[in-house]
Each structure stands twice: as C-alpha cells, then as structure tokens.
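A single chain, nothing else alongside it, follows as structure tokens in the form predicted on its own.
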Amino acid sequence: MKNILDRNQNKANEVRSLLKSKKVVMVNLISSPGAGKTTLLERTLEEIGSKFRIGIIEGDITTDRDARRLQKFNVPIVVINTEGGCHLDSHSISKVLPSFNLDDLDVLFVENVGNLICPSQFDLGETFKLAVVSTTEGDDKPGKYPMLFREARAVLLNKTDIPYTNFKLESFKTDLRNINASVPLFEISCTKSDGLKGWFDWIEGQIFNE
C-alpha cells in the first residue's frame, strides 16, 4: 500500500504542477453514493457557468449517467469508469487531462467515485478537496471517517430540507469541529436551493483567489 500511495503521490505532484502552470483550479468532490454531488454540480453550473470556464471529470464504477445529466451545460466532460475500483487516482486523472484544453479552463471539478474512505487517501493533484454529505446518511460521518473531514477545505451538508430523519445537527457539528475546527460548513438543499448562495460566494472566492 505504501508503494502504491507513493507512486500515486509522485504523479499527483506532476498533475498539480501542470494545473498550477495553467492556472486551473481542480476541485475534488468526495461523498457517499447519493449524497448529491451531481445535483450540486448542476446547481453550481447554473450559477457560475457564465462566470468561469469549467470542465468536469466524472468518476464512476460504470455508466455515464451523471455525465449525461451535465451535458446540457455545454461544458467539456470526460468520464472515467473504474470498472470496480473504489476511487480515482492521480494516474487516471493524468491520462484524461490531455482531453481538455487547459488554457481555456479556470476550474476543473472532479466528481469522485461515491465512497468516503478510499478517495480520501488518494491525492489526485487537486487544489483542494470538498466533503459532501447528506442528512439521510446519519450524523456520525465525521467521527467515523475523519480523514476526509480533516483534509476538506469545506464541508457541504445536503438534504437539510428532509424532515423524516433522526439526523442530529449538533452532534454532527461537534464531531466536525473536534476534527477540523475551522472548516466552513454549508447547510444546503440542492433540490430546493436552500443555503446555496453562501456556497456560490465561497467557491467563486476560492477560484478567484487561487
């Protein structure tokens, strides 16, 4: 495992250096299946798609269903099917980067394979990671999967409009603050657009400042 991670890190450093030279911000979205990554991208493209030149890398075990949902935004999209692999790695990212004209991009969103464990361990060469979780998963995710929440530059808690769960917000926040006291937390509903303005303002600031 150490050898695998070392090889991955070497390639990630190459990817990061290339993207930095092209002034492209790469955002690695990590979540469980069904937390709402693709819907978040839909809402985000609707809001900032006219302000920035955006590309998408869609990682999934099989199918291009998520990519097809985003085709209406007319942005360059590349699908990586891992065929059973539980995460993307820096080598897979490096192989598809030539599919993009990096000189014509400001930001590259990577929708990683739905998984809170393996994707957190593999650096893709991203500028930063985002943790996307939902109330339907339970409030114990920061405590059970601390690595992601420790490394994420921001955390998005989705599906806050759903009333029929036993999700305990204060318990979630307590665990999160014990792991990463300063990380921004956005409480949102992608389907109803609740709380998204704060997210839009934040991500625009990140792109501009990088």
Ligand SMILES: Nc1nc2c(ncn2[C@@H]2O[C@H](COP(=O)(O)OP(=O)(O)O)[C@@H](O)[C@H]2O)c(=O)[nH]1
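So that there is no doubt, residue numbering starts at 1 and follows the sequence shown. Computed from a prediction, not measured in an experiment: that's the story for all the values here.
This protein has a second form, the form predicted together with the named molecule, left out of what is shown; the following refers to that one.
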Sole residue of 146, 49, 34, 184 within 4.5 Å of the named molecule in the predicted bound form, by heavy atom:
34
Partner-free chain; cross-checking the named molecule in the predicted bound form, the single residue of 168, 150, 53, 69 with a heavy atom within 4.5 Å is 69
Decide whether residue 174 counts as a contact residue for the named molecule in the predicted bound form under a heavy atom distance cut-off of 4.5 Å.
no
Can any non-hydrogen atom of residue 9 be found within 4.5 angstroms of the named molecule in the predicted bound form?
no
Does any heavy atom of residue 159 come within 4.5 Å of a heavy atom of the named molecule in the predicted bound form?
yes
Using a 4.5 angstroms cut-off on non-hydrogen atoms, would residue 38 count as touching the named molecule in the predicted bound form?
yes
Quick one: which residues from 183 to 210 get a non-hydrogen atom within 4.5 Å of the named molecule in the predicted bound form?
189, 190, 191
